[in-house]
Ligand code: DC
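Starting off, we have a lone chain in the form predicted on its own, written out as structure tokens.
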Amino acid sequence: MANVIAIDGPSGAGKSSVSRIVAKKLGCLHVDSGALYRIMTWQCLERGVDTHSPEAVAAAAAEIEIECRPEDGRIAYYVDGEAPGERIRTPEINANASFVSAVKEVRDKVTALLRGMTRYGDLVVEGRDITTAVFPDSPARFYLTASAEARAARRRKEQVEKGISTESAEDVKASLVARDKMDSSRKYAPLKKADGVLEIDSTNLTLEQVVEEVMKVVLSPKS
């Protein structure tokens, strides 16, 4: 089986940036598991599915097909031969993703996709249940966190730079806190710090410092 570096944590904690850099440094494929849930949410909305109905979401999930391809150091996703791009990064997706991702059938489907990616080689996988449900036996597991204020500031800066949001910092923070509560309290595969993972609080750390902490562990001699 391929080696997997698993990185969990709430939105805005730095998972994506850290994972991309670590993957590049190690020559691994970067895997954004959150994008898969966003794609499922996007497709549900495109099909007019009530995202507050677990039954309707589960039925839609059975029909949604996502193609995964290794490209340019990452696993890229396609639906009907088309990459979703920024369509899965909108406030509407943010507002509905937690409802969709809480459905067991959705999580089972995404988990199967993620585990199947090991056939492509070594991976750095980021998400919310990677260390607990998807790859709990990975020897390299991390939980990145940061204060709600720091995470909201990062997320808003990212959205403004991409031109996909005009939300205030307070609105972004409220959205993140609400999603934290939903993700950590959902019945199936909730967001939580797993036993044995290394927790890194990035509130007062630079991106480079967090990457250094991860690399230090990954490259340390195994006992």
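Small disclaimer: the values here were computed from a predicted structure and weren't measured. Start at 1 with the first residue shown and count on from there.
This protein has a second form, the form predicted together with this ligand, left out of what is shown; the following refers to that one.
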| item | value |
| --- | --- |
| Heavy atom distance at most 4.5 Å to this ligand in the predicted bound form, all of 38, 89 and 97 | yes |
| One residue of 154, 179, 193, 30 in contact with this ligand, assessed in the predicted bound form (non-hydrogen atom, 4.5 angstroms) | 179 |
| Candidate stretches 42 to 50, 65 to 73, 22 to 30, 182 to 190 - the one whose heavy atoms come within 4.5 Å of this ligand in the predicted bound form | 182 to 190 |
| Residue contact check: residue 128 to this ligand in the predicted bound form, 4.5 Å heavy atom | yes |
| In the predicted bound form, residue 107 touching this ligand (heavy atom, 4.5 Å) | yes |
| Non-hydrogen atom contact residue 34 with this ligand in the predicted bound form at 4.5 angstroms | yes |
